[in-house]
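Single chain ahead, written as structure tokens, the form predicted on its own.
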């Protein structure tokens, strides 16, 4: 079995505002192994992106703060690093691909300049020809055609799918140990999305990079992820291998999410939807956070938070129904 690259233990991240404390990530724990893709799935505002930003220590300050927990990357607790030491980790050891490439890329700099920046910063290469070789290699890694010509292109001269590949080239230019992909396929059409997922798999095979794939699309999860953590209101409520999540989901929220996905082999008069809204992170309920929307709710669900139970090897659930 491959070694663990990242281990997150009991992570608590909050935003402190005039209204009070918003507990965006509340006791999240998981790990990612080398050459493994771990999916973080859930509705919008459940804490997926904040988890990724917490790992990178890129929370908006002063409101955002990691309250407690431990984030270990290759044996180093990165929460104990100074800001200067953490800057050396970002890009070199940990990279992130954001959802919209147009907000990630600077419109007034060429693609070549933007990929060259992390190469110069982290690999300490100043020779112009060597930097250019590294940039072309990064473009080739993401299967960008004619990379030598693309060096002088600006982001607006490229399609959305090609821009997303450029963002991937920047993230992988220093061959990091961990890549966090925050819904990178959302803005792409179905055909380009499938190509991008296949590209991710190829890049992972070539580099053995560990990937955290953040998404709300279970179709992407099925094609991309080895294991899945289902998030709801700042907590991971179920963790299992992808095949197990689809064949035998045990948490009512996981089951509801899977049933919300349209299927070609099933004719439905009306798409399934989860009733209600997630709770406010400012005023969380005392019991299970999914209880107000759960079809199987019991009295204890409204009174006490369920503890995580490992029902089989690698399959953990936080639900009072599971014993």
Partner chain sequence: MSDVILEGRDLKKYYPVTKGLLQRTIGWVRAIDGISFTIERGKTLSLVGESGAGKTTAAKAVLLLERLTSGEILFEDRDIYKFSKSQMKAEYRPRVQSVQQNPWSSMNPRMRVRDIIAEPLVVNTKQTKEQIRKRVLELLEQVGLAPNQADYYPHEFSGGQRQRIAVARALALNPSLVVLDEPVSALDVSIRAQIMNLLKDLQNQFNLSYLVIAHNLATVRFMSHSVAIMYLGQIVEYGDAEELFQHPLHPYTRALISASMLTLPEDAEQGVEQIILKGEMPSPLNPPPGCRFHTRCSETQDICSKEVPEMKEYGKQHVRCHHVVYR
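The structure presented is a predicted model; accordingly, all values stated were derived computationally and were not measured. Residue numbers count along the first chain shown, from 1.
Separately, the form predicted together with the partner chain exists; it is not shown, and the next lines address it.
Not one of 89, 110 and 143 is positioned with any heavy atom within 4.5 Å of the partner chain in the predicted bound form. Between 206 to 214, 171 to 179, 70 to 78, 190 to 198, the stretch whose residues reach within 4.5 angstroms of the partner chain in the predicted bound form through a non-hydrogen atom is 190 to 198. Only one of 93, 151, 162, 116 lies close to the partner chain in the predicted bound form, with a heavy atom inside 4.5 Å, and it is 162. Among residues of the shown chain, residue 223 is one whose heavy atoms approach the partner chain to within 4.5 Å in the predicted bound form.
When contacts are judged by a 4.5 Å heavy atom cut-off, residue 257 counts as touching the partner chain in the predicted bound form. Residue contact check for residue 35: none of its heavy atoms lie within 4.5 Å of the partner chain in the predicted bound form.
Remark: residue 277 counts among the residues lining the partner chain in the predicted bound form, judged by a heavy atom distance of 4.5 Å or less.
Within 4.5 angstroms of the partner chain in the predicted bound form, the stretch 219 to 258 places a non-hydrogen atom from each of 219, 222, 223, 225, 242, 243, 246, 247, 257, taken in sequence order.
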